[in-house]
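Below you will find one chain, with nothing else, as structure tokens; this is the form predicted alone, and questions on how it binds or moves follow later.
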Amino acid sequence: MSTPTAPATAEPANLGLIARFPEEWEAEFAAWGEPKYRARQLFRWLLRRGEFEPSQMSDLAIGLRERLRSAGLRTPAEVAHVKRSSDGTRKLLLALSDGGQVECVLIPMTRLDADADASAAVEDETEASEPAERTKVTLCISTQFGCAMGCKFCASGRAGLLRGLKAAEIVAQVLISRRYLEPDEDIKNLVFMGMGEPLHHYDETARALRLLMHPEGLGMSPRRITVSTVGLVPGIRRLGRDFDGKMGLAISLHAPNDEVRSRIMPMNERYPIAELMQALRDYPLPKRRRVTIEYTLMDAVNDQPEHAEELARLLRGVPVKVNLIPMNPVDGSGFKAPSPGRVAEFQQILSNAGYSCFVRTRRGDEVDAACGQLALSRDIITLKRPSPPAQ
């Protein structure tokens, strides 16, 4: 896939400004001699309307707008390219202010998508007041420029980790993506499943989550947000503690035992399956909520009937639903999807064992926007590596 390189930016955005909460702006404005209510006006411009250009903030005094501009307030990302699949999926390539690039994906949901969606809210939150004609969209966002996890079947980490995204760059993906919705569409579910490992730089991910949920911003429900991880146990425990288990959790498991998992997911050597499963048992899930288990089926690797039976035993006693993902094409991975018959057999074994088990509908693969396909293109890889931010 060839994509344009990031446009040059004369001045990098001051990302910390966009990631401030109203209370933090109040303290800053007090030092500037501005009234406290201006802080909430600004926060709503940024986090509800997605407006990053001070000159457009019409209810702020001109002098304040000029001061915000001088302080470095501007968009943290620009859309460099958009690819649309025939199924309505849209992949946005965002150019960051330092020359980095990340991808996020808008996915219109069908009924089958809703059944298998990783968002924990789909199964237990009804919104009867919503107009039936509105199309619900899931947005898949990235948290890192590259990835350090090294999963053998995923394209995102081919170039390694260049840097983690700041909270402003994570939130901006949501705010900017809204501009590419159709008139009848709404973003209803948000999944942290794009490029990178969300729990690898926890503080920025957590700040982004709190910004997205703030009632004076987008006001997203944690029931509509899912954080996916390869199994970073300390991060799972911290996420459960900090958000009282209300945040949706998805685990990229992909194998029922350490031998297979370590071969395809190097991080398993550090946090083996037994330790991961204990973290899931301890996760403070509210009643009627379940952890989503993501399991990519790879031909002759993890797709045998004995693997399904072992997986059923492994998950016993943990409130889960299982999403099976036939391997999407990834150049150079050496892996391929099993036959449809093998996928159906695997699903049937888990269903017979009492699990809710769905096969993920392939969406966006023709524009390399399906699971495991978000990647740094050759053009992006040749960019100079930016200095990593302080963690």
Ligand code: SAH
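Numbering starts at 1 and follows the sequence shown. In this text the structure is predicted, and so the values were computed from the model without any measurement.
Quick note: we don't show the form predicted in complex with this ligand, though the next part is all about it.
The contact with this ligand in the predicted complex, taken as any heavy atom within 4.5 Å, belongs to Cys154 out of Ile107, Cys154, Leu190, Cys104. This chain lacks the partner; the member of Glu294, Asp303, Glu204, Asp98 within 4.5 angstroms of this ligand in the predicted complex by a non-hydrogen atom is Glu294. Contact check for Ser252: a heavy atom falls within 4.5 Å of this ligand in the predicted complex. Contact annotation for Thr229: at least one heavy atom lies within 4.5 Å of this ligand in the predicted complex.
Proximity of Leu68 to this ligand in the predicted complex falls outside the 4.5 Å heavy atom cutoff. Among heavy atoms of Leu46, none comes within 4.5 Å of this ligand in the predicted complex. Of the candidate stretches 279 to 287, 146 to 154, 235 to 243, 72 to 80, only 146 to 154 has residues whose heavy atoms lie within 4.5 Å of this ligand in the predicted complex. Annotated contacts: Ala39, Glu169 and Leu175 are all free of this ligand in the predicted complex [non-hydrogen atom within 4.5 angstroms]. Residues of 187 to 217 placing a heavy atom within 4.5 Å of this ligand in the predicted complex, in sequence order: Phe192, Met193, Gly194, Gly196, Glu197, Pro198.
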